[in-house]
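In structure tokens, the next block holds one chain alone, the form predicted alone.
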């Protein structure tokens, strides 16, 4: 099997599986909110995990909140900030290439009467700075929402320059940053990054599904999305899970120690595939400076879903658009917004890699693509 669909989800690492087994022992299975000694022990473990997670991300423990996924984190950050800070402004700035978790949250806000302003992006998927300045210049911008690495193309946001423009033109504007596809693939230090709120996902870094993290910089006030018992300082009610938090931490430790090695390995895979696929007439849609963990390519003569199922015959797994939108069978809105023509976008397939993929897999992939063209393409 060749698995090139790691932007959708990753396989659970051996280390994470082992850590889950440890954390599900009876002595650690009590409710962290209980007053007896087993509850205290579970709470101590949970808070220790929170502290270590914060250390690896470069934040304070009180700025880290465990959620069920990055979608929950995004909803909490975007809706929660605007709900709590009604006097901060009536406008939100973003782009139309964001993940659906952001875009749908913005549509929700629009329904409440907020103004959503979309910055134009260039062919490389990056926000056009003149467009950003224009939208900021209209005033009243409470929140700006961007993605550090696009999940469909790997386009990397020039965040330092974007943040500088925002803070210069509109100093009070708070910045939310989707860091899901960047985590473990490029260095992230929240203390110096310059974002006020960030979302992360465990299952994108070889943890299990069902765990995410929301970072909220100290001093930023937001309303909770989930209310109840007031756990996690009132930010996210619900019984704390040392198992899920520990699974996230274990995966984070693994990816944090091998960023350079993983990047080197994946860069070799990406470069090889770019050349071989281009030589065969495929159109590379990921920009040249994209993070190499994602390669978006349009195959000549094959619609995306057709190529996906042809590759599946060879036990090779890729995706078309984002997994959150795949079953709607729509052409990628991200590619269309970048100016890719609809026919080319309709043939687009996303290859996404992890540190566990190999160059031999990439070579086998090319061999299978050649066989697919020989067998199925009508001359």
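Numbering follows the first chain given and starts at 1. As the structure is a computational prediction, the values presented were derived from the model and not from experiment.
Below, we turn to the form predicted in complex with a small molecule, even though it does not appear here.
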| Listed residue that, although the small molecule is not shown, lies within 4.5 Å of it in the predicted bound form (heavy atoms), from 76, 181, 94, 170 | 181
| request: Could you work out which of 90, 256, 232, 71 is the residue within 4.5 angstroms of the small molecule in the predicted bound form, going by heavy atoms? | output: 71
| remark: The stretch from 123-131, 267-275, 246-254, 172-180 that lies within 4.5 Å of the small molecule in the predicted bound form, judged by heavy atoms, is 172-180
| task | Please run the contact check for residue 99 against the small molecule in the predicted bound form: heavy atoms, 4.5 angstroms, yes or no? | result | yes
| query | Hey, in the predicted bound form, does residue 203 get a heavy atom within 4.5 angstroms of the small molecule? | reply | yes
| said: With a cut-off of 4.5 Å between heavy atoms, is residue 207 one of the residues that contacts the small molecule in the predicted bound form? | reply: no
| query | Counting only non-hydrogen atoms and a 4.5 angstroms cut-off, does residue 151 reach the small molecule in the predicted bound form? | reply | yes
